[in-house]
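A single chain, nothing else alongside it, follows as structure tokens in the form predicted alone.
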Amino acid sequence: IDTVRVVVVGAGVIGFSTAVCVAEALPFCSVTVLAEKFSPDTTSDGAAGILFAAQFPDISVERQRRWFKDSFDHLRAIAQSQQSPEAGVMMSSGYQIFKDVPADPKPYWSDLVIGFRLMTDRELERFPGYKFGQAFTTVKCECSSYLPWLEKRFRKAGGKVQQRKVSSLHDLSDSYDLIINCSGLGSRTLTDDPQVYPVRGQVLKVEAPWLQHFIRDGDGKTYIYPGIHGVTVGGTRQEDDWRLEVDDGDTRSILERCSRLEPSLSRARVLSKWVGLRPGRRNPRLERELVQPRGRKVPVVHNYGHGGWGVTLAWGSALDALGLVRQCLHEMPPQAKL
């Protein structure tokens, strides 16, 4: 087969994971990652990157389990290898606590993480007002290390990287035979998808090396995630909020809420503050379509809209997208490959 020119739009965790999967699995493809922003300036860079997920309403649980399992197994293997510190991937144990017993006390991924169990009354004693909890070990993936590590892996597989703003997918159809859209919130304008909306997240990095375990309130708004370089504390989930500046009110609220769960945090030094816009969507969009700008049919594979679960689902979504790419190549007329 002649070289198939593939472009991946977006250099966050979804974009680079997909680019690596395609470049490594399909050596006859020449893969380019095109994006306006690269690490450390992507939404992924601020993510705490701890693996667990909410359930999307309209995607089969089997498919969501596969995304989760593929991502977990991929990252767990890195965490347990020599690459762990360079890739920014580690194992992390802790608690998810609830003020009321959740509708689903065992989430769909409970058997895919390690040692999932319900918390005992004795463990819950330290969290007044919380009635129920889950304890488990999962993976934490810090994108400020992981994205440069993935980029290195991508270049080793022959991938090319180009920084520039993409204003329309149609503009790419002259230079590429297949387009993979991993533009996150950018898809709102790039593919005219009104279903994608920002979910603003503000987090702080603090210095608290004595903290060893994560704690997350089941409502998803208050969390403490010890990492390799400091502890990430958060957060906010502000829908349709486009503000990228740090909000001092949010900073105070985060420190106050987290100190209630972990009083010693009031002694921690704040190292940095960060804001990002998660690509919210009722369900992620992982499908293919043919676009026909200027008479030439170009297949597009969409992989975006993972909300706050991008790191959790990136590798599994990338493998799914790779399957869609294979289907597109299979159906491509021979002349399209010239």
Partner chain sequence: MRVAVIGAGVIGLSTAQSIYEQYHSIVSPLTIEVYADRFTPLTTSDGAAGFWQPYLYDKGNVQETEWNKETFDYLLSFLSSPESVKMGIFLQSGYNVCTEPAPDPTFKDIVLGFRQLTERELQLFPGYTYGWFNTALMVEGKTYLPWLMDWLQKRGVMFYHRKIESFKELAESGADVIINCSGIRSGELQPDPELTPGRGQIIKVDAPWLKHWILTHNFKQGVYNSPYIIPGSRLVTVGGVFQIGNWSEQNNSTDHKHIWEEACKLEPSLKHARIVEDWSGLRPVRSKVRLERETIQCGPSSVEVIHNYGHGGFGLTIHRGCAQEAARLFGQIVQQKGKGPKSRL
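Treat the numbers as computed from the prediction; the structure is a model and nothing was measured. Numbering follows the first chain given and starts at 1.
Keep in mind that the form predicted together with the partner chain is missing from the display, and what follows is about it.
Contact check for residue 156: no non-hydrogen atom falls within 4.5 Å of the partner chain in the predicted complex.
Although the partner is absent here, residue 165 is not a contact residue: none of its heavy atoms lies within 4.5 angstroms of the partner chain in the predicted complex.
Not displayed here, the partner chain is approached by residue 112 to within 4.5 Å at the level of heavy atoms in the predicted complex. By the criterion of a heavy atom within 4.5 Å, residue 173 is excluded from the residues contacting the partner chain in the predicted complex. For the candidate spot formed by 72, 91 and 212, every residue has a non-hydrogen atom within 4.5 angstroms of the partner chain in the predicted complex. Checked against the partner chain in the predicted complex, the residues 252, 106, 122, 152 give one hit for a heavy atom within 4.5 Å, which is 122. Only one of 227, 186, 133, 234 comes within 4.5 Å of the partner chain in the predicted complex through a heavy atom, and that residue is 227. You can rule out all but one of 216 to 224, 190 to 198, 73 to 81, 174 to 182: in the predicted complex, only 73 to 81 has residues with a heavy atom within 4.5 Å of the partner chain. If you take 253 to 283 and check each residue for a heavy atom within 4.5 Å of the partner chain in the predicted complex, you get 263, 264, 266, 267, in sequence order.
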